[in-house]
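This document opens with one chain alone, in structure tokens, the form predicted alone.
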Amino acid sequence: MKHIGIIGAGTMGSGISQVSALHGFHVTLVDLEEQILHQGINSIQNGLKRQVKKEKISQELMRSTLDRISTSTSLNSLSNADLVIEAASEHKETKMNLFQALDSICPKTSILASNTSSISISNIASATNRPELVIGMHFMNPVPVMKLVEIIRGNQTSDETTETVNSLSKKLDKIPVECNDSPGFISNRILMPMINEAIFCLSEDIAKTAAIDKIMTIGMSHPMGPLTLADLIGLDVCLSIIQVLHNDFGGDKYRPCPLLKKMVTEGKLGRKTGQGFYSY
């Protein structure tokens, strides 16, 4: 495996591109808009500069890493990719359409992976004629720092595909952990109800924002509080995942907090907009 295609030049896609190119793979980063691609490359450059400053990599390795990344606004540029990792927006129809297109563009032996944080891999795979080669690779944010890759097997994902993706993850200096296909998988099935409950606590005036976070960081040894984490992830992303859980499982257990819905409607999405549960 030499050529990795990555769809989506946002936070996750640019992070996956940086890590892949840093470990010797040729990367083609695809997005609909040149401006977003430009922003993605800037993000990668800044990330690599930080690593140089910390003396984790050399200037030479930074330059060779950037040289291994090309950009495109066309999916056809992935016609020779050995692996494609989709990191587009968290909408089922968008992903289904992308995988249907990739199935006709990419070599029949190419593995098609999704970085989805909640949507069924089996459903995504059904848009292709190669369900045995479709798998979930759920990287954690920020990708260059976080070690975990949650590997999600669809109903028809083959053992060979899973072994290949596990091996690749290790080559990227990540730790792959497998789970089977279920809404939210493991990470977000556990994490998002906790974040949602923290927002309910805030909306019911049980405690202030900082107090909720302090109780979880000091008392539970969490590296950051749930409301700080929600701002980092993006409140729109949190809402999208919780809605998937609610739609698929039903019941009040996964009902999105009205305050979360209100904040998303108002455009208060966390760090990326400068305003969420905290101001940035």
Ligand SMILES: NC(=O)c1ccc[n+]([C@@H]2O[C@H](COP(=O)([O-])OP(=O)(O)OC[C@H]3O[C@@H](n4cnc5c(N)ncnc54)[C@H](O)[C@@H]3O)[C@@H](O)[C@H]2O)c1
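Just so we're clear, the structure is a prediction, and the values are computed from it rather than from any experiment. In this text, residue numbers run from 1 along the sequence as written.
The form predicted together with the named molecule exists for this protein as well; it is not shown, and the discussion that follows is about that form.
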Every residue of Ala9, Ala88 and Leu98 near the named molecule in the predicted bound form, heavy atom within 4.5 Å: yes
Picking from Val237, Val244, Met216, Ile69, the single residue whose non-hydrogen atoms come within 4.5 angstroms of the named molecule in the predicted bound form is Val237
Name the single residue among Asn196, Thr116, Ser110, Thr161 that comes within 4.5 Å of the named molecule in the predicted bound form, judging by heavy atoms. Thr116
Stretch from 102-110, 198-206, 163-171, 135-143 whose residues place a heavy atom within 4.5 Å of the named molecule in the predicted bound form: 135-143
Just to confirm, Ile36 within 4.5 Å of the named molecule in the predicted bound form by heavy atoms? yes
Just checking whether Met62 would be counted as a contact of the named molecule in the predicted bound form - the rule being heavy atoms within 4.5 angstroms. no
Although the named molecule is absent from this view, report whether Lys272 comes within 4.5 Å of it in the predicted bound form, heavy atoms only. yes
So in the predicted bound form, does Ser126 come within 4.5 Å of the named molecule, heavy atom to heavy atom? no
Do any residues of 26-58 have a non-hydrogen atom within 4.5 angstroms of the named molecule in the predicted bound form? If so, which ones, in sequence order? Val30, Asp31, Leu32, Ile36
